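Encoded as structure tokens, the following chain is the form predicted on its own, with no partner shown.
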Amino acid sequence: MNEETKKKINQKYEHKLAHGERFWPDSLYKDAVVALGIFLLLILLATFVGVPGEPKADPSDATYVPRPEWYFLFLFKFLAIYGQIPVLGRIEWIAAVLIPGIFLIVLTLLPFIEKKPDRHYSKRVLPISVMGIFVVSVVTLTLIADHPLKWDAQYRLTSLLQVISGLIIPTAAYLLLFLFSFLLKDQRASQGMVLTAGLSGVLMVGLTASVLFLAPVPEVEEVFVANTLPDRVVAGQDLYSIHCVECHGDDGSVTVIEGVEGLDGTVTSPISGMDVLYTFTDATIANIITYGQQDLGMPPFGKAAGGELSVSEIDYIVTFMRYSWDDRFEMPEIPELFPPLAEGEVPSYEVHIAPIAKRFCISCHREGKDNNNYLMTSYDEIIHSGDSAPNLVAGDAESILLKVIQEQNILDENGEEIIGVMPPKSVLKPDVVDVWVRWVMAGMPETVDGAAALSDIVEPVER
């Protein structure tokens, strides 16, 4: 830097110093206003948007695929793309440590490489170009992070586009930038770097848009997470109804198990009694559900022991037991099982029948249970399955299911019982029975729209 340049810089500095703002209070005041704005924005986002809940970590779940937070997705995707190089694909540390490390070193050394005293952006082409390509690369890699890299017929094209956009183009662009910086004169170097940065950015954005447009939408399995106490109680009640009520009854008061294959006549403690709830902690009850009690005939239900319930689901059951039967806990206000019906309103399967079947029927009427092959886990199963099918006939008040839920046994020609009262360990409340009767008599609509159309023409059922 020659003396003339130093003099100009000093003159600009003195001018800014004389006419510029002071650190206190001007700069601090602006910083405080911006910080307060960001803080309020975070509060609003947390209050009205929030973060989706996730189930508790389950070490026994081998199907879980860990994923980083969104701000690390670009590195996650870069690692996946780098893994497509046959020679180096298994050397993860190169992509996860070495290459990012080299990039950070380059950024650190950049002020020593680009030593121009000018501060205007038009005079700082190399560092701006490097950061521009980096920012575009981060954004595009984040956008395609959920799209898989597979080389079958369905994903071959989009996988190739991802490799080109996420690896080949930025690598070539960085090499060209530094070649232009070292080999060309100022004006020609600046033009070459601007052209390289602009063209590579456009190509990366274009290829990313092509991936998003062409790639099949990845299937994401929705996982229900109960975030509030009422939600946890309701979720636990549904799970208890499916997995526990067959042996312990809907109120947990069963002392002798009846009608369960392999356990008929087994003596058990009432799990709703104080001897259990006052003696066992939540962790103890959760462990019993998880690992079972094989000496008493109770199988394990937790995934860690070969069952089908996750850690969160077992916690929901324990929460339901505590707040339903332990008099030391006050039951929170929970939503109704189904919306109450107005006079003449027709229920639908998806709003009324499905939650009722889940709560009272699926415990026995699902695969693997002794139920005369009558399954109730879907609309078609309720109507068409079973050895005695049809168990429900639209408009027929004498349908088998309607009779047994109204405490009428089904008898054979010799007067012997072939189907008993349902559910076998409890009695349905009148409003639940009313929903079943209205639904069958109205034609058993599946959807809300179908039920709404029938509600205009169907008269209330007289019984």
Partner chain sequence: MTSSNRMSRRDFIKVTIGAIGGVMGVLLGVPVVGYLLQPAFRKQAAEAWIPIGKLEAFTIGIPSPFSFTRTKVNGWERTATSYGGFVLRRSEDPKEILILSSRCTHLSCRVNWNEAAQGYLCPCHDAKFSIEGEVLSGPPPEPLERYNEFKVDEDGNLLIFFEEA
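By rigid core we mean the largest C-alpha set that fits within 1.5 Å across both forms. What you see is a predicted model, and the numbers here were worked out from it, not measured in a lab. Numbering follows the first chain given and starts at 1.
Below: the form predicted together with its partner chain, not depicted.
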| property | result |
| --- | --- |
| Partner-contacting position among 186, 275, 330, 380 - heavy atom within 4.5 Å of its partner chain in the predicted bound form | 330 |
| In the predicted bound form, segment of 394-402, 36-44, 418-426, 431-439 with a heavy atom within 4.5 Å of its partner chain | 36-44 |
| Heavy atom distance at most 4.5 Å to its partner chain in the predicted bound form, all of 150, 158 and 407 | no |
| 4.5 angstroms heavy atom contact with its partner chain in the predicted bound form for residue 301 | no |
| Touches its partner chain in the predicted bound form: residue 282 (any heavy atom, 4.5 Å) | yes |
| Its partner chain contact in the predicted bound form: residue 322, any heavy atom under 4.5 Å | yes |
| In the predicted bound form, residues of 14-30 near its partner chain [heavy atom within 4.5 Å] | 22, 24, 25, 26, 28, 29 |
| Core fit, then residue 395 C-alpha moves 2 Å or more between this form and the one not shown | no |
| Exceeds or equals 2 Å, Cα of residue 431 between this form and the one not shown, core fit | no |
